[in-house]
Structure formats: C-alpha cells, structure tokens
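Form predicted alone, single chain, as structure tokens, below.
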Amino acid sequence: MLFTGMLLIHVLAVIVWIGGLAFITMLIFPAMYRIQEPLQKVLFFQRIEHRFAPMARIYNAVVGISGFVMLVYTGWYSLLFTLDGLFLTIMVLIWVMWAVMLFGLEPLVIKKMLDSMVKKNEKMEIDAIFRRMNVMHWVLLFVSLVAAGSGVMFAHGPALF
C-alpha cells in the first residue's frame, strides 16, 4: 500500500512537472519571441518564471521524497550504480541535476541574469540570452523525458524485451 501510494504521487508529480517544462519550452518561448520590446519580453518571462519556479521546486521535492521512500521500501537502492539498476541510476542522477539547478543555480544565476537584463535593457543581449535559455530548456526537456523513459524501462524493462 505504501509503495503504491508513493508511486502514484511520484508519477503524478513527474507528469505535472515535465508538462510545465514542456509548456514553457514549446509555447512560452515562441510567444516571447513575438514581443518586440526587450523590457516587456523580460517582464513577461519573469511573471511566468516567478509562478512556475516555486511549483517546480515543490514537484522536485515531492518526486525526490517519494522516490527515496520507494528506494528504501523496496531495497532498490542496492541497484544504484550497477548494470541491473542502470535506468534507476539515470533517473536518480537526473533528479539530482534538477535539484541542484532548482535549489541552487536557478535562484542564484538565472534571477541575477534576468534582473541584469531589466536594468541594461539591451535588445541584442536579451534576445541572445533568451535563445540560449530556450536551447537549455529543450535540452532539459529531453533529459527529463529520458528520466521518465528510464523509469518505464526500470519498471517494465524485462517485460519489454
């Protein structure tokens, strides 16, 4: 019962989290490119980022806690960094990468970068930074989908082959 509850919470949090990332990557960035005024572009992104970032941190924590409970409950932690636990290890490493980014890099680096853009209001720099951020979001979306696929492979791998 505990495992099933944790699995349900884990999967639902991952779905909402990756869905939000996909929404920002596929819809928000293209919408932002249509905004001509650099300051408006930055403010538009900040409004969305300030709402989604706290939710992403909560999703990351929920995914981490539920994943940790499942690892301990099942004893799967012993599979980490082994060939049998390759897909499990991939999921954990991607979660760690996200945790570092959401709780460390994003609040420190991205916030300062966006605040700097508002103060400078330089169109070319702002556009270049948003293009790099869009590429980064596509990479993160891909990596997140790899983690989700790894979860499926770990749970059902032998049955798939």
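Quick note: we count residues from 1 along the sequence shown, nothing fancier. Computed from a predicted structure; not experimentally measured.
There is another form of the same protein, the form predicted together with a small molecule; it is not shown, and what comes next is about it.
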Check all three, F45, A53 and G104, heavy atom within 4.5 Å of the small molecule in the predicted complex: no
Segment that reaches the small molecule in the predicted complex - one of 104 to 112, 25 to 33, 61 to 69, 129 to 137, heavy atoms within 4.5 Å: 61 to 69
Heavy atom of Y73 within 4.5 Å of the small molecule in the predicted complex: no
Interface membership of L21, the small molecule in the predicted complex, 4.5 Å heavy atom rule: no
The small molecule contact at A148 in the predicted complex, heavy atom, 4.5 Å: yes
Contact flag, V11 vs the small molecule in the predicted complex, heavy atom cut 4.5 Å: yes
